[in-house]
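The same protein chain appears twice below, in two forms, each given on its own as structure tokens and labelled structure 1 and structure 2.
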Structure 1
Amino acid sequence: MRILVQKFGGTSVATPERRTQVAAKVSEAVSEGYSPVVVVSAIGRSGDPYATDTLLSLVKGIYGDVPKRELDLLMSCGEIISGAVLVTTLQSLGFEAVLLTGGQAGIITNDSFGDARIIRVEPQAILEHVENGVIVVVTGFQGGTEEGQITTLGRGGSDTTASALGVALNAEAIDIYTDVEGIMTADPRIVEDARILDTVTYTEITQLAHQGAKVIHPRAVEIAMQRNIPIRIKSTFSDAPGTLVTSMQPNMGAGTDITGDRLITGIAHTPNVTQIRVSMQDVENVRDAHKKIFKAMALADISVDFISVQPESVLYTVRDEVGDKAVQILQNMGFTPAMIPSCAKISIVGAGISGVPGVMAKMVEAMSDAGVEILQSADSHATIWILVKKENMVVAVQALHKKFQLGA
């Protein structure tokens, strides 16, 4: 039995015409000998009648502090509606199809309503239907606790559902269908000659996703990577081959060619962040101050990023909307923080970066030539980050894309 998991996003199921295109992708998988297991998101995006954000607005407009358990019950409706409509579409075309909620499909989670984590998957119900030739449609984004409570998996949860099912069912592949034709070297709205990548590694796409690329949720990649199940990012609306996500380094040949020839895979960006700098001058116990700063941020539920801890200062970033709150907390603790709001974090990602000299030099040269000031930088084995002012974000991404010759 060759199982293929196919996940379709909200835009893919938004209209009858698009759902017909989804059904064609499912039919194609059947004709190729697969037993498809289909995961669906809620119909459309914010503003559409059954989109998740639209459902949320129904209750938050009445009373803002809605219990998380009840919010999960409400949000789960979007995928149920979407799944029921798709099953009906498939049946109208002559296919046997059945809808299972996340809990019915065997996705068992903890009870962290709104951002639940999958504990395990018990796929027996899916397998019984598949063995009888039935196409199983599963509601993405949701699962159930041991006690049967409905939970949701947080943003990007439908991707996570697809990967979890792919692993549990030992699928041959996980196809993520969106409204784009694959993963690109940069945001095409910023870089005109951005091109689609044929292949990326799990590490590369996870880094790109964490740093702002929104094609797939990083948690989904991490799950698929556990069993080395290939992910293919494709468009519902074309026959383009898309991007293959795998453990293999792209461009790897036989014999002595063990490094490949692609240094940089792509560029991602995250706008609307605030840099905070806390001087350690005149601080008697620097290590104690470091501990207090980050503990205070955690207690205030403020997520920190781009952290640089030095004897003379502490630098980190927060989202713009909590920048003033973070500064106020630090001032109340007796610090005198400096802040630069409206920044952007730019990341260059490539599995080939590690151990290669000159990458940072080229990055700095590109920023200098473009007249962009680097406010902060950091690196890891597969990523180099820089922080710039948001007003310089577009020119910085374009300059880096050109410098590393990523264009089509």
Structure 2
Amino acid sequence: MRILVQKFGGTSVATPERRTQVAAKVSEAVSEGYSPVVVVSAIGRSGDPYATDTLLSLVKGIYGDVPKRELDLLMSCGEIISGAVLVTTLQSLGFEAVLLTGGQAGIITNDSFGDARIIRVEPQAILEHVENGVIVVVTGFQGGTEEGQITTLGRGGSDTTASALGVALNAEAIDIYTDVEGIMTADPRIVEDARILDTVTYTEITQLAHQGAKVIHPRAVEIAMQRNIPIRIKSTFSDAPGTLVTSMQPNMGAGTDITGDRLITGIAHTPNVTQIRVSMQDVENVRDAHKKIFKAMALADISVDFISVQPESVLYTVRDEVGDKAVQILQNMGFTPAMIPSCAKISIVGAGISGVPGVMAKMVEAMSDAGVEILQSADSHATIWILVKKENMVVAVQALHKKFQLGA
């Protein structure tokens, strides 16, 4: 049995015409000899009638606290609706198809409603259908606890569903169908001449995804990587080959040495972050203060990023939504924090960056020429980050893309 997992995102199932295109991709897989297992997201994007955000808007901010368990039940409806519609589409074209919810498909999670972790997958129910020649459609983004409670997996959860099933079913590949023709050197919504990458490694795309490239969820990549199942990112609406994600370095045919690494894979951006600076000027015990600050953030469940601890000051970022809360906490502790809300973190990702001199210099030059102020910077072996004001985000991404000649 050659199992192929095919995941279709929200825009791919938004209209009857598009669902016909989805069915065509499933049909193609069948004619190539695969047994497809299909994962669907909720129909459409924010504002569309059955999109997850629309379902959320029925309760959020209207009735105060929404019970988490019920919130997950509400959110799980989006995928059930699109799954039922897709099964009907497939049946109308002569295929035998069945819809399974996450729980019915054997996706067992913990009970962290809203952000549940998959503990294991029991694939028997899927396999039984597959063995009978039935196309299984599984609702993405959800699972069930051991006790049978419905849970959701958090943002990007349908990608995670696809990967978990791919691993559990030992699929030949996990195909992520979306509205772009592959992983690109930057978000095509911002950079017009962003180029499609033929192949990327799990590590490269995990980095890009963690830094904000929305095209696939990083957790999904990490799961597929455990079993070395190839992921392909493709468009539902074209026959372009897409991007292949494997553990293989690009340009690493037999005899190639590792200097064949490409320097930079791509540029990612994360908007809506707040920079916080806590001066240590009038602080008596600086080391103690450093410790207390991060403990207080952790206690308040505020996740911090871009941390730079120095004798004179402590610098870090938080998401805009929790900026005021973080500052309030610091003030209550007797500090005098300064904040810059509405920033954006821009990341240059590339396995080849490590140890190559001049990358940072080029980055700084590009920002200077574009008139963009760098508020903070940091680097690790495969990523360099800068923080800029959000109003400069688009210009900064475009300038870097050009400077490093990533375009088509």
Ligand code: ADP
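One-based numbering along structure 1's sequence throughout. Just so it is clear, the model here is predicted, and its values are computed rather than measured. Take the two forms, find the largest set of C-alpha atoms that superpose within 1.5 Å, and that set is the rigid core.
- The first of the two structures is the form predicted on its own.
- Core-aligned CA deviation for E391 between structure 1 and structure 2: 2 Å or greater.
- When the rigid core is held fixed, the Cα atom of N285 travels 2 angstroms or more between structure 1 and structure 2.
- Once both forms are fitted on their rigid core, the CA atom of A338 lies 2 Å or more apart between structure 1 and structure 2.
- Relative to the superposed core, L375 has its Cα moved 2.8 Å between structure 1 and structure 2.
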